[in-house]
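Before any questions on binding or motion, here is one chain by itself as structure tokens, the form predicted alone.
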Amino acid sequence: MTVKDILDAIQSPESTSADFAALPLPESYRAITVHKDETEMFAGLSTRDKDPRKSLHLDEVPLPELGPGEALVAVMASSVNYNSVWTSIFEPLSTFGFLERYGRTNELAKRHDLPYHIIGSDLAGVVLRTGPGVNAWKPGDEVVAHCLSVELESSDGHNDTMLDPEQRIWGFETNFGGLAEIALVKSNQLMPKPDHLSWEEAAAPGLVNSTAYRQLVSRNGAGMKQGDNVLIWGASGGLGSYATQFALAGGANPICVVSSPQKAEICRSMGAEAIIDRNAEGYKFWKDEQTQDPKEWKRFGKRIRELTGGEDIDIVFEHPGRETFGASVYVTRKGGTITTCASTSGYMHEYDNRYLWMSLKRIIGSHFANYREAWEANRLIAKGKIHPTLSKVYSLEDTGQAAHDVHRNVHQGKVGVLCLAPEEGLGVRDHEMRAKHLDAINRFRNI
């Protein structure tokens, strides 16, 4: 039995659930990995000089054992997220520490503690097998997966699954991720694949779309409402492109910060009008490595007011971190909110606390999304309210190059990876709905 037989079954319109259940599973499959014995390979290099093309490997790996409440999924397509970059350059620390800790929690979790880590936190594909206790999904179901892996044995996670003490990000803090021909997930990670999207389009939104939804829309995040002025850093990027869409769809006013005229044009094509090209306008929030420049914060705030008719920012959608955080706190209105979900320019944030405490502003930490938020975000994709921001698609063999491009920020939106899918454009089931939204679906492709 080979993965080609699985692909043939997926591509045949005659295949039934029983056919998939009867398919013998292969003993091994191809997957993108990092190796435990290479975690020091970039020692002494700056972050920028660490090259994912050297650390990411395409390996043949054995099929993992299927446990209770789990599913094996044939992965048609996946995508590269920033956590894939972090894993590939072993920053801020090696992910093998996550796998070792997880492996100590229970007998079944020992499967994850291996000398290789199969990465990837997105997928679109077809269920092959389900473990004991799985009733909502069956072999042959077309699915996407969100990346929240939790045990739900503690009461802490039952109001908000992100608060579970055993909460992990699948494919980053667990093994058997989505950048592979087959993936192992908890069955409650699965959601219906949007019918009007191809495999690679359906795989692209997962992590970033859900992250942006919680951070900006959910009551666990900023609770955005109609009329809010929302400052969005990196507004055409993987996260920001979804935040921009949520702001526009929710009646808010996005103020999009970008780094080039090309990225500004992408924001305009989404419907945004207030755009700041930070490179063209020359904002330098730091005088040197240790010293920020409040004059630049004020210049930035003045520019924002020019675009909002004199109003300040209600919500800041933060993810660059160190480089921008001081400015973000400063430009937020009295009583406003700064939500932060990452620190791609550095984790040690500095800001003038007087502008926070005396103006009653709030900083909210936000990380991925709980089960319900992930479902709500996926539902908006399925209804054509929010669209994938896929700009380019790579083969599984070229995942290292895809991660390199994300690391160097030379991409727009999201970059996809074909896993079992032999070509782009497959998997569309609702052509009528697709035709209605085709321009929006291809928006990032046409730049």
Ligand SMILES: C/C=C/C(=O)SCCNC(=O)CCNC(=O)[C@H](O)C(C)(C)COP(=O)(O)OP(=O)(O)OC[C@H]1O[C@@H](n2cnc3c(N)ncnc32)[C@H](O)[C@@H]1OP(=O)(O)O
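Each residue number is its position in the shown sequence, starting from 1. Predicted model only: the values in this text are computed from it and were never measured.
Keep in mind that the form predicted together with the ligand is not shown, yet the notes after this line are about it.
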Exercise for the section: Consider the chain as shown here, without its partner, and state which of Arg372, Arg305, Lys225, Arg101 has a heavy atom within 4.5 Å of the ligand in the predicted bound form. Expected result: Arg101
Exercise for the section: Go through Met348, Met358, Leu93, Ala136 and name the one with a heavy atom inside 4.5 Å of the ligand in the predicted bound form. Expected result: Leu93
Handout entry: Partner-facing stretch of 305-313, 179-187, 292-300, 364-372, counted where any non-hydrogen atom is within 4.5 angstroms of the ligand in the predicted bound form
Key = 364-372
Practice task
Classify Val75 as contacting or not contacting the ligand in the predicted bound form by the rule of any non-hydrogen atom within 4.5 angstroms, answering yes or no.
Solution key: no
Practice task
Find out whether any non-hydrogen atom of Asn253 is located within 4.5 angstroms of the ligand in the predicted bound form, and reply yes or no.
Solution key: no
Problem - 4.5 Å heavy atom contact, Phe172 and the ligand in the predicted bound form - result: yes
Practice task
Examine Leu207 and determine whether its closest non-hydrogen atom to the ligand in the predicted bound form is within 4.5 angstroms.
Solution key: yes
